[in-house]
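Presented as structure tokens, the chain that follows is alone, the form predicted alone.
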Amino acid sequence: MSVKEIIDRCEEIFEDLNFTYAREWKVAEDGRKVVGYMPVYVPNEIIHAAGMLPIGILGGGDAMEVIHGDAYYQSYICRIPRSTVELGIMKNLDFVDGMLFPSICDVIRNLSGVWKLLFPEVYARYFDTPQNFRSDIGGEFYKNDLQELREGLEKLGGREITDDDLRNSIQVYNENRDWVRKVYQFRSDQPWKVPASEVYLLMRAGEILTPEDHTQMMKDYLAAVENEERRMKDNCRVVLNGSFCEQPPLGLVKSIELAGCYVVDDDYMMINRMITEDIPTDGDPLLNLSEAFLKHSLDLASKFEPSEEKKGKFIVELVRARGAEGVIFSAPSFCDPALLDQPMLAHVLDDANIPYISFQYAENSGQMQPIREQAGTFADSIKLWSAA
């Protein structure tokens, strides 16, 4: 397949608010179940081990007008819960058998309750993660949390989820995350060949496809892009931060690129690479999943960091590892975790003498020109500073 064919397919999935792929997967065999989840992180291995399809519910984007959803949330919060409620009420998600609401913020916590009231027939669960990272405390809590999820999905699916089922699914996701890392590394090495908009669409597709299909798509993409002739530009290398939950419209990602920036890392679609190392497939699978989150997960604004000294250090390390020249804070409007974290991250960047700018967006943002101008000015200023 060509790069264009792959990305066209990804864009088709991105624009399909009726979730055709997931609907077709469900009806292909009797008894299949689909479990949706809000973005950031849930242990998809357990859903996959149950024989179910996990799909990321990322709001309605800029193609959906929110009418009913506004009745459930105030105007001074982010848009993703309102557009997600809209998807539910408009029956875009009427095929989903379960919904998981991970520990992101109070808004998503409350959305789990709203969902239970609106759709009592759907298995809905607020999925918490530990704030203590000691194996004997936070690890024990998290393992119990995973076991409760396992039991809930067993009841939903009407069958046992064995340890071998879990081990097999862990292996499937280990391979998937490995290829996600390969895509990000290739982009860091040759960003002119792998535009941020293509990586964004490729990762968004992974929220709907089976992990096996997504892994194959990434393999095909990297094989195809190797042979693409794409001209290197005099762009500056930047890291994007703050977009880990409500995702930006595709036009925003393209606008940053058009402004003269090579995005060499970002925090889009963090569930695809939240776990940074392969999870062992021997021993107790729930213990292995728990330890992977405690010891090998990326730092995000929604994840508690107990050490003040370590807070924000990850972004400096990321900038240096990717050879970036600056950071763009790109956060959704009213996103408490991202916007409260930003001053602390900015302080760390100041100490490291790394330039940065910030702006806010919504998933239906139409103000691309000001964002492009701001990013372009930032890119130009970096070139001037580096030349000086």
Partner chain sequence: MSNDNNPEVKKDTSMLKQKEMIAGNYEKLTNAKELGLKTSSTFVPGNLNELTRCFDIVNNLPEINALGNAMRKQSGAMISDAEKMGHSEDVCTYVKADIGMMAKGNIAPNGKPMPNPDMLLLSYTGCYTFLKWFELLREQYKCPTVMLHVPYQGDGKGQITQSMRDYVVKQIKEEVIPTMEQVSGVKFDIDKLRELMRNSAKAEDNLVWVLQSAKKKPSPIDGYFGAVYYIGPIFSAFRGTTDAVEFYDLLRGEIQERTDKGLGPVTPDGEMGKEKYRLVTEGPPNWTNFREFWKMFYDEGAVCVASSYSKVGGVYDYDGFRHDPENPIESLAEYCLGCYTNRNLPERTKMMADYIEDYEADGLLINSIKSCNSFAAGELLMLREVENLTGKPGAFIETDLVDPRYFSPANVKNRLESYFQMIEQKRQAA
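Residue numbers count along the first chain shown, from 1. What you see is a predicted model; the values in this text were computed from it and never measured.
Note that the form predicted in complex with the partner chain isn't included here; everything after this is about it.
Undergrad: Contact between residue 343 and the partner chain in the predicted bound form at 4.5 Å, heavy atoms?
TA: Within the cut-off, so yes.
Undergrad: Hey, in the predicted bound form, is residue 326 touching the partner chain, heavy atoms inside 4.5 Å?
TA: No - in the predicted bound form, heavy atoms of residue 326 and the partner chain never come within 4.5 Å of each other.
Undergrad: Whether residue 303 contacts the partner chain in the predicted bound form should be assessed with a 4.5 Å heavy atom distance threshold; does it?
TA: Within the cut-off, so yes.
Undergrad: My question is simply whether residue 148 lines the interface with the partner chain in the predicted bound form - judged by any non-hydrogen atom within 4.5 Å.
TA: Residue 148: yes, in contact with the partner chain in the predicted bound form.
Undergrad: In terms of non-hydrogen atoms within 4.5 angstroms, which of the given stretches 233 to 241, 295 to 303, 282 to 290, 156 to 164 touches the partner chain in the predicted bound form?
TA: Contact-bearing stretch, as computed: 295 to 303.
Undergrad: To verify the annotation, which of these, 214, 177, 204, 125, has a non-hydrogen atom within 4.5 Å of the partner chain in the predicted bound form?
TA: The option sitting close enough to the partner is 125.
Undergrad: Looking at 192, 186, 95, 72 here, can you tell me which has any non-hydrogen atom within 4.5 angstroms of the partner chain in the predicted bound form?
TA: Flagged contact: 72.
Undergrad: Non-hydrogen atoms within 4.5 angstroms of the partner chain in the predicted bound form: do 21, 26 and 251 all have one?
TA: Contact check failed for every one of 21, 26 and 251.
Undergrad: Using a 4.5 Å cut-off on any heavy atom, which residues of 322 to 345 would contact the partner chain in the predicted bound form?
TA: Residues within 4.5 Å: 333, 334, 336, 337, 339, 340, 341, 343, 344.
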